[in-house]
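Okay, so here's just one chain, in structure tokens, the form predicted on its own.
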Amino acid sequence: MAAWTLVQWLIAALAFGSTVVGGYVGYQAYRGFRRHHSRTMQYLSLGLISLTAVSFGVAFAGSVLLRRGYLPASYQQPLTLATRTFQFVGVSLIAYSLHRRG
């Protein structure tokens, strides 16, 4: 197996950092929901978590498993579909939270 290049390390580090920071932002939104019992904040937090932490986590773990050969290459498209689904659900929840009243 070839050694990773600097660009590959940067891509992996940024994906991991996005997962961690996205999870933190989603958690802070969830704390806002718990504190104020706002349904709008609940949808916002779920959307942020799905858009950032879950989708980046699935993409990151999937790419590592594919690169290491733990998953066959035929799993690449289903993993991409799962990632895009979590992103779509996250954006949809955020949009819903912005237009929801109360």
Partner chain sequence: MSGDSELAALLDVLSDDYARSILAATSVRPMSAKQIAEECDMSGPTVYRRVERLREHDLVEEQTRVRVGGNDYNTYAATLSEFSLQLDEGSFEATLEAAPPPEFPGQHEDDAADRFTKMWEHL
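Bear in mind the structure is a predicted one, so any value in this text is a computation, not a measurement. Numbering follows the first chain given and starts at 1.
One more form of this protein exists, namely the form predicted together with its partner chain; it is left out here, but the text below deals with it.
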Identify, from the list V89, A82, A15, V25, the residue with a heavy atom within 4.5 Å of its partner chain in the predicted bound form.
V25
Residue-level contact is defined here as any heavy atom of the residue lying within 4.5 Å of its partner chain in the predicted bound form; does R31 satisfy this criterion?
yes
In the predicted bound form, does M41 come within 4.5 Å of its partner chain, counting heavy atoms only?
yes
Even though its partner chain is not shown here, does R68 get within 4.5 Å of it in the predicted bound form, heavy atoms only?
no
Heavy atom of L98 within 4.5 Å of its partner chain in the predicted bound form
yes
Are there residues in 45-68 with a heavy atom within 4.5 Å of its partner chain in the predicted bound form, and which are they, in order?
L48
